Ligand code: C2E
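Here you get one chain, nothing else, as structure tokens; it is the form predicted alone.
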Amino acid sequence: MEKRLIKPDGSIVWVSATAAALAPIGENIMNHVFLVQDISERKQIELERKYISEHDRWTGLYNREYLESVLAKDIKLKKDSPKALIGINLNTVQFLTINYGFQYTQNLIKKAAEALSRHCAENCLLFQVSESVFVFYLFDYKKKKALVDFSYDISETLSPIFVTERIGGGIGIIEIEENQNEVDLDIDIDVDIDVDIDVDVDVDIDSLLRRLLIASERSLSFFGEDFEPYFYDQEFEALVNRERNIVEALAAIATDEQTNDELFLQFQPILDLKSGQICSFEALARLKTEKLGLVPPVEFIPIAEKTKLIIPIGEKVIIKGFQFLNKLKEYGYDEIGISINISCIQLLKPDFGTRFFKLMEEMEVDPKSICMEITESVFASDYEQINGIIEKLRDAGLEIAMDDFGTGYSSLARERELNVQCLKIDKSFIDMLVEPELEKAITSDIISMAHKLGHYTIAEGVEHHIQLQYLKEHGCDKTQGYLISKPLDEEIAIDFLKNYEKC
């Protein structure tokens, strides 16, 4: 046996004791010999190794490995006890490293760890599962509301620490329920599906923690600088499951594993209000799969950007757009151009310009036939760099348009400095043109301002004649929307062009 002994002076010694029986000296009495060895040094090393294996060295908190062992044990033994995980996602702290250095962010993490430690209790353990992600494991709580209340206590603790840094964090909550069936989660993508846990089988703790991280990231994206709790529930499970399917579809398209036309383009005509003729088309990406049906761009484009699949997907869109442009030339429409939406992620790729020009050369496309549309919010990320990139594209002959103008941050203050030729007025300003108090609409002011700065304007989302009349009266240059035509498939777009000329 191994025993811990306390010496008279209060010091602790560990010994290894072996007892051996000798010859009997009576009916029920045996002689024994005890061999005692001092193992204090070895035991100290063992304890230190155990501590290191279970704790984070910087903060001293329990680590991920220890959380996994605790969960695996408790899920089987504490079947009647409610159990939950609350994850605190502080990944935004890493943005401070660029300006303040690694040690600064590490000290901030340690400060947060010390503050969070004050919330520990007998039924509440704290773990640090990665550099900037903490997890509370709670059990034997009474109601679900207790988890919400605890989360807001956490929020009140952390907010003062990070308010001066102008960053926040996410709080994800997941309850570990009983009598559920485990499902396979062996997929190699950034999102995951829900794992139902059966207490009689091995539990995929890793997947459980990944779900918790997803919930905390969703909290972070929804609430920004506020520490607000977000539950991983059945509704969220469906959203994550759908997101996973979209990622899988996009990944297959990006790697050319998909040979059908799941990714395709539609083309919406743009009308020149001065000539009354169709002058170009906007190329709009569409995704349609057998499993998901038609997926709207507002859903799959952000996912493509988040997973960086927008880079290969975006190139395929460019190629398809160039192919349509060449088909227009075959029908004699040399003067008709095409607008292609470009993501900030594409634009900031070091070889984007080189690759774009190479595709134009290979496909014999005239740069003057192309308008590159960039959303106004792009300029908020890295204004100087992006403005420099589009200046080179413009010098090469491309037209540059700012899409969704009026919805971003730099609208009037920096618009004069932007290297764009066109402002596309957001649909929200066009919708105002059917309201009773039409005279309060500022759309005419936007048009006037753009003209004074040397830009032409395109009004998006025109659906009513009264809107079109207003735009003509106030000198808008071009327009697009359902009043003229909805987005059309390639062949239908060409037929529309033919019929429009006859009108």
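Counting begins at 1, following the sequence as shown. Bear in mind that the values here come from a model prediction, so they are computed numbers and not experimental data.
Unshown form predicted in complex with this ligand; subsequent notes refer to it.
Only one of 462, 447, 61, 67 comes within 4.5 Å of this ligand in the model of the complex by heavy atoms, so just point that one out.
Partner contact (heavy atom, 4.5 Å) among the options: 462.
To verify the annotation, which of these, 268, 207, 289, 369, has a non-hydrogen atom within 4.5 Å of this ligand in the model of the complex?
Only one option qualifies, and that one is 268.
282, 297 and 427 - do all three of these have some heavy atom no more than 4.5 Å from this ligand in the model of the complex?
Heavy-atom distance to this ligand in the model of the complex: all three under 4.5 Å.
Have a look at 168 to 176, 248 to 256, 336 to 344, 95 to 103 and name the one stretch with heavy atoms inside 4.5 Å of this ligand in the model of the complex.
Going through the listed ranges, the match is 336 to 344.
Non-hydrogen atom contact residue 317 with this ligand in the model of the complex at 4.5 angstroms:
Answer yes; at least one heavy atom of residue 317 falls within 4.5 Å of this ligand in the model of the complex.
Counting only non-hydrogen atoms and a 4.5 angstroms cut-off, does residue 328 reach this ligand in the model of the complex?
Outside the cut-off, so no.
According to a 4.5 angstroms non-hydrogen atom cut-off, is residue 310 in contact with this ligand in the model of the complex?
Residue-level check for residue 310: yes, a contact with this ligand.
State yes or no: in the model of the complex, is some non-hydrogen atom of residue 84 no more than 4.5 angstroms from a non-hydrogen atom of this ligand?
Although this ligand is absent here, residue 84 would stay clear of it in the model of the complex, with no heavy atoms inside 4.5 Å.
Those residues of 476 to 498 which, in the model of the complex, come within 4.5 Å of this ligand by heavy atom
Contacts from 476 to 498: 481, 482, 487.
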